[in-house]
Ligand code: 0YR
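Only one chain is given next, in structure tokens, and it is the form predicted alone.
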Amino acid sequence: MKIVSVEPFILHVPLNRSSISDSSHTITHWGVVGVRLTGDDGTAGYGFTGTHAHLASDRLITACIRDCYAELLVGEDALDITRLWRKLARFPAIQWVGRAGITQLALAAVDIALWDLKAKAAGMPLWKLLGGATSPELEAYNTDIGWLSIPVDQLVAGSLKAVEVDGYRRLKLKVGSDNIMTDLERIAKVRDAVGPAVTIAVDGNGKWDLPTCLRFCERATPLDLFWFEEPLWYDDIAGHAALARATSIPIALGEQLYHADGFAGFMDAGAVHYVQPDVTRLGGVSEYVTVAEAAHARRLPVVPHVGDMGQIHVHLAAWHPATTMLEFIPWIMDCFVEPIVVEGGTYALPQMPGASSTPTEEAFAQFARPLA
């Protein structure tokens, strides 16, 4: 199947509330910034990255796809994914100006679209194309109840609903306030409400320094935290390793890492316990598999960060033996022909051919933004 067209797109999808905040960001929309690749048989593959819906920076991603990657793709065999990934990732002029950031986000969108095309051509969902599901059940953990901007009474009420009504057994709460006691109080109230059987993870989004994290972990240990995600600045291997040695709370990270080499540095330093690659940041499915296999070889669990809101990761998580759970955030699910489905705290396996990455025509009509 020859690639005949490369068409970038930008969708800005409103959240399920007016805005959310973590320790480092406040947003009102989620960006679905991607590409449609069309084969000479008319089949279209879709891929995208996830952004904070900032139009100027989103246009940098689509410009990279349109002006740099498109000419390297048109006329190529869409099924030669490994070769095409290396062609784009190692193209000298592009590599010279960016091995991370914009170029890698653009590469992720292209690579996902190629895998979507391949799975559609094979007539099967991506998880089956990759080798089939390795577990009969993929558990979901709910992040959407835990934003730092949610007042504590609503935080407790939302956590209780997630557990008692929606069937979740795992929650994640955001931390990173100026005073760690504020976060400790919020966590304690949720723990008291949901009881000891529900796992609670926390996520700092890189806000605190090492002394603050050490103080927090010492006081948070009795709350039985499942993990502490992104406690420190994203690239600080030494700091994460020091924290991992000092606390019994496991460390999780990876959403801000762009390459397999970055993950290897953290894993080799003993600085991470739960490995969190993000297919939309890491250069797509191809590099995701490299990271997941490296983690599995070290017997570390892989729990993806859902910059794609789970649309593609549900396939990868169901397939890969290092993964037993997946984050759930429902912001963009209604924008896709085959949206993710979580019932009773468990993901359903997608059944349509492809990577579940095809937006609906309604989503394009409502949420498309101009490329220039």
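Small disclaimer: the values here were computed from a predicted structure and weren't measured. Residue numbers here begin at 1 and follow the sequence given.
Another form exists, predicted together with the ligand; not displayed. Remarks below refer to it.
Taken together, F48, K128 and H313 are entirely out of contact with the ligand in the predicted bound form: none brings a heavy atom within 4.5 Å.
The partner is not drawn, yet in the predicted bound form one stretch among 215-223, 168-176, 186-194, 75-83 has residues with heavy atoms inside 4.5 Å of the ligand: 168-176. Looking at E327, you'd find a heavy atom of it within 4.5 angstroms of the ligand in the predicted bound form. Using a 4.5 Å cutoff between non-hydrogen atoms, E255 counts as a contact of the ligand in the predicted bound form. Among heavy atoms of R66, none comes within 4.5 Å of the ligand in the predicted bound form.
Although the partner is absent here, R17 sits far enough away that none of its heavy atoms falls within 4.5 Å of the ligand in the predicted bound form. When you look in the predicted bound form, the only residue of W30, W319, Y347, F336 with a non-hydrogen atom within 4.5 Å of the ligand is W30. Applying a 4.5 Å heavy atom cutoff to the ligand in the predicted bound form picks out D203, N205, E229 from 191-229, in order along the sequence.
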